[in-house]
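The data below hold one chain only, encoded as structure tokens and taken in the form predicted alone.
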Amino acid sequence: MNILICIKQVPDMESKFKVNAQGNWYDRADLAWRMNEYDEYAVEQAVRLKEQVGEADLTVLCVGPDQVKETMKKALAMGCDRGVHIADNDSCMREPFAIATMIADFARDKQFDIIFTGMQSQDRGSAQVGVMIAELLNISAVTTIVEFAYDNGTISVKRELEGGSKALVTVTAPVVLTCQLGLNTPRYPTLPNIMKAKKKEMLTIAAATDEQGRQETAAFYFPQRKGGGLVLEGDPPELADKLIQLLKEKTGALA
């Protein structure tokens, strides 16, 4: 079984963000970086599948500058067999279609049975790359999976729907699966596996940059601070009188 896992390096969400000088994205300086949380579930599910079937080849892929290799090493330590780095210093400004095109161009002749991705990235949150990869490769896609099972070539997944409902979907390879939070419990890499990861193959290929952008980020900014709230204090009857008076004065709702 041939499996591809697509991951992304994102800032730690506890970082202190600043808008960049161009006003179209966040400033990348002085940020801590990590694997996109959704992608950790994708890596874990791929490793579990390899453990189940016995023979499987796991390739982890990431688009970005050289620094993403550090995040890729975690995926290798979790159990992936090799890494493919598509080098692109401007990946943070690429639209989802451009990223999907790079990945599909790499995957097209590799005969991957399953391509795992995260449902979305924590920074851009478009949730488009996975389904676009499937469309470009002309294969099936199932999104937002929260349960996964494999039996003799048949893949059964449950995908999350609106309102907490779930849909059971059965599909055969090749297929793209986008992974939702809670699909599994990602493992922590052990020290021996971290050491082994340093010796695993890491292939770097140049990004194709001739794709014309269909969209761009026009502006990136923090929400403007609005007026502060009003806290009412006192006993319940007194609070009720104050609230009624405020509604009369400020909204006219009880006029």
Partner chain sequence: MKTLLVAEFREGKLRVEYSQLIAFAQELGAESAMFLVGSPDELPRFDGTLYLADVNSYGEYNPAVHKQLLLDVIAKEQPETIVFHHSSYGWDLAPRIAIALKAAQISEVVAIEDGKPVVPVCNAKLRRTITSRTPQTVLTLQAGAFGMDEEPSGTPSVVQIDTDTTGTVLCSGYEAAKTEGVDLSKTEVIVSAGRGLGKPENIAMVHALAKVLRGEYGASRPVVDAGWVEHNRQIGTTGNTVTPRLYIACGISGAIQHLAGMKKSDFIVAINTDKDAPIGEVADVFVVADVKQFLPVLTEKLQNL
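Basically, rigid core = biggest C-alpha set you can superpose within 1.5 Å across the two forms. Nothing here was measured: the structure is a model prediction, and the numbers come from that model. Residue numbers count along the first chain shown, from 1.
Absent from the display: the form predicted together with its partner chain. The rest refers to it.
Looking in the predicted complex, is its partner chain within 4.5 Å of a heavy atom from each of Glu14, Leu168 and Val171?
Checked in the predicted complex: all three residues contact its partner chain.
Under a 4.5 Å heavy atom criterion, is Asp57 part of the interface with its partner chain in the predicted complex?
Flag for Asp57 set to no.
Whether Ala75 contacts its partner chain in the predicted complex should be assessed with a 4.5 Å heavy atom distance threshold; does it?
Ala75: no, not in contact with its partner chain in the predicted complex.
Would Ser91 show up as a contact with its partner chain in the predicted complex if we use heavy atoms at 4.5 Å?
No - in the predicted complex, heavy atoms of Ser91 and its partner chain never come within 4.5 Å of each other.
Proximity of Glu216 to its partner chain in the predicted complex, heavy atoms at 4.5 Å
Within the cut-off, so yes.
Among 179-187, 67-75, 104-112, 83-91, mark the stretch whose residues have heavy atoms within 4.5 Å of its partner chain in the predicted complex.
Contact criterion met by 179-187 only.
From first to last in sequence, which residues of 130-146 have any non-hydrogen atom within 4.5 angstroms of its partner chain in the predicted complex?
Residues within 4.5 Å: Val131, Met132, Glu135, Leu136, Ser140, Ala141, Val142, Thr143, Thr144, Val146.
Quick one: once the rigid core is lined up, does Asp12 have its C-alpha move by 2 Å or more between the shown form and the other one?
Shift at Asp12: below 2 Å after core fit.
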